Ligand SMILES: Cc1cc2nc3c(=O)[nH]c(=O)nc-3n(C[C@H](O)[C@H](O)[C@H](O)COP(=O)(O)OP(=O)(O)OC[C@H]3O[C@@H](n4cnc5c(N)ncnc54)[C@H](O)[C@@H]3O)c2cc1C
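So this first bit is one chain, no partners, the form predicted on its own, shown in structure tokens.
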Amino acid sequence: MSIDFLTGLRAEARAYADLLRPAALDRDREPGRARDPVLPWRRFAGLPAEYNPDPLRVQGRTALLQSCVEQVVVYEELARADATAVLALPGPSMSGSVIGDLADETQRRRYWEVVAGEGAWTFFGMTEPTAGSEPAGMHTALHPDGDGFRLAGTKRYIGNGARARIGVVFARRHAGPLGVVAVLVGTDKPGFTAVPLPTTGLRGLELSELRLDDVPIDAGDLLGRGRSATRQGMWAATRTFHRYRPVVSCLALGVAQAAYDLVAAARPAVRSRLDDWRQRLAGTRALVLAAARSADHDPSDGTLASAAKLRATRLAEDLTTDAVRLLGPGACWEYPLLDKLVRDARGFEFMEGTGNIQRLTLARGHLQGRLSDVRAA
């Protein structure tokens, strides 16, 4: 993918970002307003060509945003206006990655007809109240029941869960990490309920709790049927995390850039600080792009994705905190957008693994020879 094309893609996204900024604070005050997307969502959701009659076009080429490289370029620009609006877009999000890896043709058609046909939100049901995303502690279980199964458990901190129509739930069929499977679940199933959780940052994402009370599951809803145990649930989940950590990184980068923009306009005299920030933004942007290229090439290697997520999350927290100091007492009242940026920046730490998880992945990548320069972290 050429630099000229990516430059054109970034410019196109920046024009759409202008539509998001005016209502950013309204979406923060009233998260339900994110249900009414301002953007032509099909151009930004990453739909397959056969389900997308209105794709983004740049320099005469179609950009479906199914590659990680395209996503990080576009979503950073949109997040510079409002990261929440990006996360609250209808579309496949993380569950689409699992569908791509595990679904058969019937499952794929069912999923995409709901998502693309109705403009539906989806969910990725991994995290649990007491175990987070650690498979060893997963309590949600899939029990045999006649010709099908019953799904029971609780998932928490699930983005867009309360407004989703369909999604993927990870559940345990047997002991051990290879006993985790992925299940395609419609939210109209009996026993399925979802409630929004109160949050401080990234409020439009509508983090939710999913309650699964013996939800009936057909055998045809199991994703990855017929595959070996090593190519089912956790295999697909890990590849999804590796693909989406660069995306989370670019969203954090967009928030950091927004803090820079705000201070550059309000305090242009702090040149040395702004020069330092500009260099850190440029370095992190290069790392995020490298991580996205790596994820597109080999989603089984998450080393650079972890480095990018760690670096971008730290940058967003540093710049928003410094912005408050530079703008002085009462800055968050004088600049309501800065107050939102400070809260949003802290939300990225908990998305797709905390900093300690990323450090473990980096250490493993270094020991396995995948990362020669430990300064990336």
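One rule holds for the numbers: they count along the sequence shown, beginning at 1. Note that the structure is predicted; figures quoted are calculated from it, not measured.
The same protein has a further form, the form predicted in complex with the named molecule, not shown here; the description that follows concerns it.
Just one of L338, M351, L64, L326 has a heavy atom within 4.5 Å of the named molecule in the model of the complex. Which one? Of the candidates L338, M351, L64, L326, M351 is the one lying within 4.5 Å of the named molecule in the model of the complex.
Using a 4.5 Å heavy atom cut-off, which residue among L222, A292, M138, I158 comes into contact with the named molecule in the model of the complex? Filtering the options by heavy-atom distance leaves I158.
Is there a heavy atom of I357 no more than 4.5 Å from a heavy atom of the named molecule in the model of the complex? Close contact exists here: in the model of the complex, I357 approaches the named molecule to within 4.5 Å, heavy atoms only.
May I ask you to check whether V181 falls inside a 4.5 Å heavy atom distance of the named molecule in the model of the complex? V181: no, not in contact with the named molecule in the model of the complex.
Is G46 near the named molecule? Define near as a heavy atom within 4.5 Å, in the model of the complex. No.
I'd like to know if P246 sits close to the named molecule in the model of the complex, meaning any non-hydrogen atom pair within 4.5 angstroms. Answer no; every heavy atom of P246 is more than 4.5 Å from the named molecule in the model of the complex.
Location of the named molecule contact in the model of the complex, chosen stretch of 129-137, 292-300, 255-263, 274-282 [non-hydrogen atom, 4.5 Å]: Answer to the contact question: 129-137.
In the model of the complex, does every one of L202, L205 and G347 come within 4.5 Å of the named molecule, counting any heavy atom? So, yes: the whole triplet contacts the named molecule.
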